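Given as structure tokens, the chain that follows is alone and in the form predicted on its own.
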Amino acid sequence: MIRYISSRLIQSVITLFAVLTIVFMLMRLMPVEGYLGESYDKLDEIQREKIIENLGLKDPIHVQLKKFYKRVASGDLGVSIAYRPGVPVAEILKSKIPYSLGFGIASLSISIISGITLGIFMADSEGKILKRVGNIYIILINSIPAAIYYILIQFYITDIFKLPMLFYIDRPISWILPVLSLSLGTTATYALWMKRYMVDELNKDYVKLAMAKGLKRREVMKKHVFLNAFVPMIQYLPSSILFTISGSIYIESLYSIPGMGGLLVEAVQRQDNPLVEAIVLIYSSIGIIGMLAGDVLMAILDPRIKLGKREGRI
């Protein structure tokens, strides 16, 4: 187990290093004029060059990259250069993270519980109505771009149920739609795969034998089918986390939530390198930790996974 986890940790660190390096390089390819913002036309050429030099953008790219990793390793996320000039990035994120974290955890919890529950009912031949409704729901969610049904929900559901169209910190009722919207995609994913895994288990010989011996269907479903079908569901934890992260970027902008999603969009637009790099670092770390957690949980819950030389192959 230790060897398996160590191997996954090394892979995770390499992945994080690659993601940060790519983002760093892409940001450095953007026009330097963006770093000066609205003051670009007010400055002469000498002043522009001086500011660019002070930002370290005149250094060779490998020198900039080395300084960046040295700074991150020491726990310094840098200082904002455009969003809030001179303010430490850590201070900016401190007020933003609770919003994104709260909405992310709430939506992920809802999607896992509701998705798995819906999948169970869809797999049960007795729940024909729920099976049809669930299939329609999964098809709609997977066929319609998320941005479209996010907007439709905001415009029409707010009017039907008289809910606020935007987020207000002092009005909990305004939190409902963002959380539900964010959970729709992952709910469909969990429902689809839970149904497939349970149907697959129901067709196996041990289930048919148990039913032939007189065991009740509900008892077989609960004690055997569900448990065996639930184990492979863990592999979708990383994708759920990543889907929630990507969805939060749009949802936070749509509902004016002062979280990290909208902040990332604005930071990229303003070419605030330290802020973009810090947000990407956090998002990437969350996604990679989710992938690592999924691998480890699969290894712990499924004894068929070998943790030796083949590193997790069944």
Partner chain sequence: MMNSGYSYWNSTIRAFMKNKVSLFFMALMAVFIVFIIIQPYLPNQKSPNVIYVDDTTGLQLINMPPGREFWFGTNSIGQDMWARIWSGTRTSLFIGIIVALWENAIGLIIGVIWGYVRRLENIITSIYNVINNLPRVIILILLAYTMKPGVLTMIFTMCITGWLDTARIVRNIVVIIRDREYNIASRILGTPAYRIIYRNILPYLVSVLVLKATLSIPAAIGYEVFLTYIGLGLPLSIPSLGNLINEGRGYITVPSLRYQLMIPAMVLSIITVSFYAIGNAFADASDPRNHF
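Source: prediction; values computed, not measured. So that the term is clear: the rigid core is the largest set of C-alpha atoms that superpose within 1.5 Å between two forms. Residue numbers count along the first chain shown, from 1.
What comes next is about the form predicted together with the partner chain, which does not appear here.
- This chain lacks the partner; the member of L184, L242, I120, M233 within 4.5 angstroms of the partner chain in the model of the complex by a non-hydrogen atom is L242.
- At a distance threshold of 4.5 angstroms between non-hydrogen atoms, F68 is out of contact with the partner chain in the model of the complex.
- Although the partner is absent here, L152 is a contact residue: one of its heavy atoms lies within 4.5 angstroms of the partner chain in the model of the complex.
- Contact between V276 and the partner chain in the model of the complex is found at the 4.5 Å heavy atom cutoff.
- Although the partner is absent here, I160 is not a contact residue: none of its heavy atoms lies within 4.5 angstroms of the partner chain in the model of the complex.
- Residues placing heavy atoms within 4.5 Å of the partner chain in the model of the complex fall in a single listed stretch, namely 142-150, out of 95-103, 142-150, 171-179, 111-119.
- Taking the partner from elsewhere, no residue among S80, Y83 and M260 has a non-hydrogen atom within 4.5 angstroms of the partner chain in the model of the complex.
- Residues of 7-25 that come within 4.5 Å of the partner chain in the model of the complex, judged by any heavy atom, are R8, Q11, S12, I14, T15, A18, V19, I22, V23 in sequence order.
- Shown in the overlay between the shown form and the other one, fitted on the rigid core, is a CA shift at F68 of 2 Å or greater.
- Core-superposed comparison between the shown form and the other one: the Cα of L20 travels 2 Å or more.
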